[in-house]
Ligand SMILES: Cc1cc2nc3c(=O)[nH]c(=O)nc-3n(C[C@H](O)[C@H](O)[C@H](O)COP(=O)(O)O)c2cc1C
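Take a look at this single chain, the form predicted on its own, given in structure tokens.
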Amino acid sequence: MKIDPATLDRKSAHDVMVGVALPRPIAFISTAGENGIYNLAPYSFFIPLSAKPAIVGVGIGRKRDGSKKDTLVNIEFSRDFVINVVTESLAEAMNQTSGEYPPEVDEFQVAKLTPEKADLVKAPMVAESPVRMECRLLQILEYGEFPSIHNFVIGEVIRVHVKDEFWADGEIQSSRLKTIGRMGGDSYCRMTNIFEMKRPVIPPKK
């Protein structure tokens, strides 16, 4: 099978891309709107871009009619956002926020999650998440043609909150987090089978 993504419709192209990048971490993004209402939504086109400076990128698609999602609108307004790590215990709540609710709906209330004031940004944090990253907007890129437009949001992580039980020996104890990953369609995966491989040691040239 050979596929030219440019010839596919929006859904088919999406299905191919999510079927290739597996599993994907979930950026559970919380924002604050100009109307004062909080928004909370999951995005799996998410990747760390740099460690120092700490830069992350999140792909945000448009609604079916081509209009901007509340997350993007809020980020454009406040110039900040919070990425909350999704664990198994937060999976159902996260899924509840994935619907296209109107702007006046607070997804924290929909998912019965607790907004917690951040230190440096307007956006709230999810109190129940074990790791939260406060991010300041750096840039928003735009791709595609209406209505199939996608935006890539680039932010700098300016503070990381880690609950004490998940921090030891100067690092996050990732195996304790029990995070989940996004697969294709309605499928997710658990982090239940971890293995190690040491990097090869390449001797320097003489």
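All residue numbers are counted from 1 along the displayed sequence. The structure presented is a predicted model; accordingly, all values stated were derived computationally and were not measured.
This next part talks about the form predicted together with this ligand, which is not shown.
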Would S89 count as a contact of this ligand in the predicted complex, using a 4.5 angstroms cut-off between non-hydrogen atoms? no
My question is simply whether D80 lines the interface with this ligand in the predicted complex - judged by any non-hydrogen atom within 4.5 Å. no
Using the partner position in the predicted complex, report whether M94 sits within 4.5 Å of this ligand, counting heavy atoms only. yes
Please tell me whether any heavy atom belonging to K178 falls inside 4.5 Å of a heavy atom of this ligand, as the geometry stands in the predicted complex. no
Exactly one stretch in 137-145, 167-175, 62-70, 153-161 has heavy atoms within 4.5 Å of this ligand in the predicted complex; which is it? 62-70
In sequence order, the residues of 174-206 that place a heavy atom within 4.5 Å of this ligand in the predicted complex are R182, Y188
